[in-house]
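Coming up is one lone chain in structure tokens, specifically the form predicted on its own.
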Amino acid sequence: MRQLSFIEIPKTVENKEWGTFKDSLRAPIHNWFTYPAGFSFKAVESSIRNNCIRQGQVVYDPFMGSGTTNLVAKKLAINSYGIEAHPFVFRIARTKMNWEIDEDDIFHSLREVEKRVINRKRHFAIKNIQACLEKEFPDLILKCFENIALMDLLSIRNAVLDGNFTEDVKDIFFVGLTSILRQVSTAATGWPYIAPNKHKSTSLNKNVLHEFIRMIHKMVSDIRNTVHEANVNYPKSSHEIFNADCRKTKDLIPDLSVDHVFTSPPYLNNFDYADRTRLELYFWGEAKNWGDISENIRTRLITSATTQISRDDPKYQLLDELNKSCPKVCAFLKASISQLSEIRLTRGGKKSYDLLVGGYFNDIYQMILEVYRVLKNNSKAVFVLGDSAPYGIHIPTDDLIGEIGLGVGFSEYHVDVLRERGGKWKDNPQRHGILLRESIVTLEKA
């Protein structure tokens, strides 16, 4: 595998934060849901501008997440495709993309929700609240909220689910209520981790119904302002997004139909994307335990965490097709996997990083094949991602993805380093001493 000479770009705040959600936290619609795997909408804008993507052309994100790439495309009146395997996160993205929803319908329905919740509160029997909540929610939810606040959340949830509202309105209410869950929790529920035993006093005595109503008004205002700022031709643009598998898009996206790809794949950092939405899934009743999350979500996602792995499953062995297309990559991965399989036996927990690496690059290879298929000639695919060093074995994910790109047919690739990562852990004796990086990998199709 070739040695990279990294291209150092100016270390401006804008560039360094492209792999983070910080810019999007301050942006209307983007900030409706603080997805921990998000990236900067400014990075998408810059890539579209630098690659001269225009109205009538098509942008694609195979890891759509909560919709950052597609939202930018819609605002610029550029067509888009998006794929997201996580059904809960897909619903968030679908709602954020719906700017055609009727405001009057939202506010009429909101008044109905408010009326139902107030009527329900009048009939609360304080002594029965605990029993009601214990019957409704798993223990994690009970630990994260005060009883009165959780009862209000439940009342709003039931009013939304049971109301005779349009699906568009239910989606808006779903996202609005989801977005305030961590705000009104009295536990430390900041992303990405939940610490139910750590108290957060800033959420004490928050009026849940008022917070929900405020959020819905904000969302309507965000849509109105975004439409006002958007390219006048945005209604003519087309946006097809799917709750599907980016490794299998043959029936969803035609060959040679995409002018530009911008995406951020899961990093190879043992981050369990399914588990990070556990609070929300438990609240909405879409999962009640670890098994439900595995069955309904983990099995749909590409391999990026050891929690997805069963050691007797052969699918984590490197694919023969990957070996044929990218022999240098496979040789490197096989050596790394061999080292990891030995090291894990000496470590507490014996995490299956060896199989994680194999499964991850199998999935990445299949995704890149599909990206190559749908991308037009003389176009580029841009990936924001980070490398990793499980058990101290460095896996240069950016370089490997570039080499896989060459193996499937891309003509060249280059890597721009955004920032260094992991420096704050340098004095931790439990952690490896390898300085990691976050990069932009660009694959070019001739």
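Residue numbers here begin at 1 and follow the sequence given. Predicted model, so just to flag it, every value in this text is computed and none were measured.
There is also a form predicted in complex with a small molecule; it is not shown, and the following applies to it.
- Annotation: in the predicted complex, residues 62, 65 and 84 each come within 4.5 Å of the small molecule through at least one heavy atom.
- Contact check for residue 276: every heavy atom lies farther than 4.5 Å from the small molecule in the predicted complex.
- Using a 4.5 Å cutoff between non-hydrogen atoms, residue 413 does not count as a contact of the small molecule in the predicted complex.
- Shown alone here, residue 266 lies within 4.5 Å of the small molecule in the predicted complex, counting heavy atoms only.
- Contact annotation: residue 32 falls outside 4.5 Å of the small molecule in the predicted complex, judged by heavy atom distances.
- Residue-level contacts in the predicted complex: of 218, 288, 300, 116, one residue has a heavy atom within 4.5 Å of the small molecule, and it is 300.
- When the small molecule is considered in the predicted complex, only one residue from 309, 244, 180, 340 comes within 4.5 Å through any heavy atom, namely 244.
- Only one segment in the set 145 to 153, 326 to 334, 311 to 319, 246 to 254 has residues whose heavy atoms sit within 4.5 Å of the small molecule in the predicted complex; it is 246 to 254.
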